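What follows is one chain in C-alpha cells, specifically the form predicted on its own.
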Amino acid sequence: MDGAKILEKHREYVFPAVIYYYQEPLVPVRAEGLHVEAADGRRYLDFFGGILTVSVGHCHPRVLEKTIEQMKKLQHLSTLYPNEPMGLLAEKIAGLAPQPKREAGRMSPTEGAGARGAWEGRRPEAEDRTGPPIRWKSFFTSSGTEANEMAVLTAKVVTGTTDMIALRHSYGGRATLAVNMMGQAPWRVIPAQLPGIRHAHAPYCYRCDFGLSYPDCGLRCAKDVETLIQTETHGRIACLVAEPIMGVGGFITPPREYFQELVPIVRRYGGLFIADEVQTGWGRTGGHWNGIEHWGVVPDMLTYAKGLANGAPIGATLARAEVADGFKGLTLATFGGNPVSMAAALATIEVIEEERLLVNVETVGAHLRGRLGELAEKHRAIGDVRGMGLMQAIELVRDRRTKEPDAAVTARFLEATRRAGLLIGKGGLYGNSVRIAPPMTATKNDVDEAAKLMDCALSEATGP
C-alpha cells in the first residue's frame, strides 16, 4: 500500500485518540541504522529512535539474527513455563544492576533507613564494597506501563500500605494507575482519581515552583516531600516513583544532589524508591547502564522497557531480592518472559557491550550538548538546554527573560525539521520542549548533520 492508503485505514479503523506527529502524518515503511524511509521514498535521519526505544539502531543485524533464530525454536509460552532466554536475561540484568559505592566517611543512600509494616527489619543496615552485593530479581512483562504497575503493586504488598508519591510533570504509562500517577493534565483522560497518589514538586530548575535558583535553592523541591508526607498521607508511604530524567516531561534533569536528598526522606517514612528507567536505562545517559547511577543512589526497584530490546515488546521490574521475596500471592504475565523478546533483549545488551556504546553515548552526547549550546547562542528562541548523554532537550520560549513557552514555534520547528529530513520529538507540559535522542550508535558526524538541519529549521520556524 502507498502512504495515502495506509493513512486511510488508520483514520477509519484506529482510535482517533491516537496522536501522530506532523500536520500530515509520516508513514515509515522500512528503516536501517539511524535512517528511516517513508512510504513516499523520502529518507530521514532519526534522532528520536521510536521514543528512545531503538537503542542500537534500526534492524541491527545481531538483534535480528538472534530474534529470528529464537522464533524458529520457541515463540511463546507465558510465565507459567520457565524458558532459557528468560532465565539468562534475568541473570544478565541482575549482573548489570546498580550496586552501592560507599565513600570514606560518607553514609550510603540507604544507611540508617528503616521501614515499618511488612518491610520492618528486612532492609540492610549498611551497604559498602566489603559487604555482600545486592541480589536482584526480575519480573517480565511486555511494556513500561506494566513494569511500573508491577513495581507499585509490589511496594504496596511489601510495605503493607497504599499511599505513594509521584512527581509533577511525570509520565508513567497508559493503564488506570499509570494515568493517575501522571503529572500532566493532557494525559490524565479520566476525571476521577485513584486514592492515595500524591504529587511532589518536580526538580524542574528552569521553571522552579518556588521561584528559586539552583544551588541557592537548598533543594527545596526534594525537602518539601517530607512536608507532603506529613500533611497529605497518614505518615507512611509505600513508594516514590521517579524517572532519573523525566522523559515525556521534556527531559527535566535533576541537580546532582537531588536524589541523595530525596530518597532518605522516602525511606524514613517506610517507602521504597522505584527508579523508572524506561527511557533512561541501558546506557542512554552515558557511562552507566542505569540513569540513576549518576546520582549515587541505589533504588529498591527499577523498571525497564523501550531500549532494553531495541523495539521488541518488553517490560521488566527489577527488585532487590528481599523485596521480590516479600511479594506474597500469585501472579503471572501472559506475554512476560516471551522467549523472542528475551532473545532480542539479550542480543541488544551484547551489542551495547561489544560496541562499547556506554562510552560512545558519553562522548557523542557531550558533542551533541556542545552543538545544542551553539544553537542556543545563535537562536534566542532556545531558553534552556538540558539532559545527559544522548538524551538532550531544548526548550523554546517567546522571551528568555519571561520564559513564556512557545508551543507554536515548537510546532513549526518540528515541521521544518521534517522537511529538512530530520526526525526529533517533543514533550513537556507546555508543548515547547524538543527531545533529541538518536540511537546510541550515533556518531559525531551524525550529530553535526542533525545540528545543521536544526539550525536551518530554527531559522525557518522563528523567521518573519
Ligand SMILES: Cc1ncc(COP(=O)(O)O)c(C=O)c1O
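Don't overthink the numbering: it's just position in the shown sequence, from 1. What you are looking at is a predicted structure, and each value in this text was computed from that prediction instead of being measured.
Omitted from view is the form predicted together with the named molecule, to which the following refers.
You can rule out all but one of 363 to 371, 252 to 260, 229 to 237, 171 to 179: in the model of the complex, only 171 to 179 has residues with a heavy atom within 4.5 Å of the named molecule. A heavy atom within 4.5 Å of the named molecule in the model of the complex is found for exactly one of T348, T154, N148, Q392: N148. Shown without its partner, this chain lists Q279, S341, N290, T141 as candidates; in the model of the complex, only Q279 has a non-hydrogen atom within 4.5 angstroms of the named molecule. Site residues E243, V248 and K306 are all in contact with the named molecule in the model of the complex, judged by any heavy atom within 4.5 Å.
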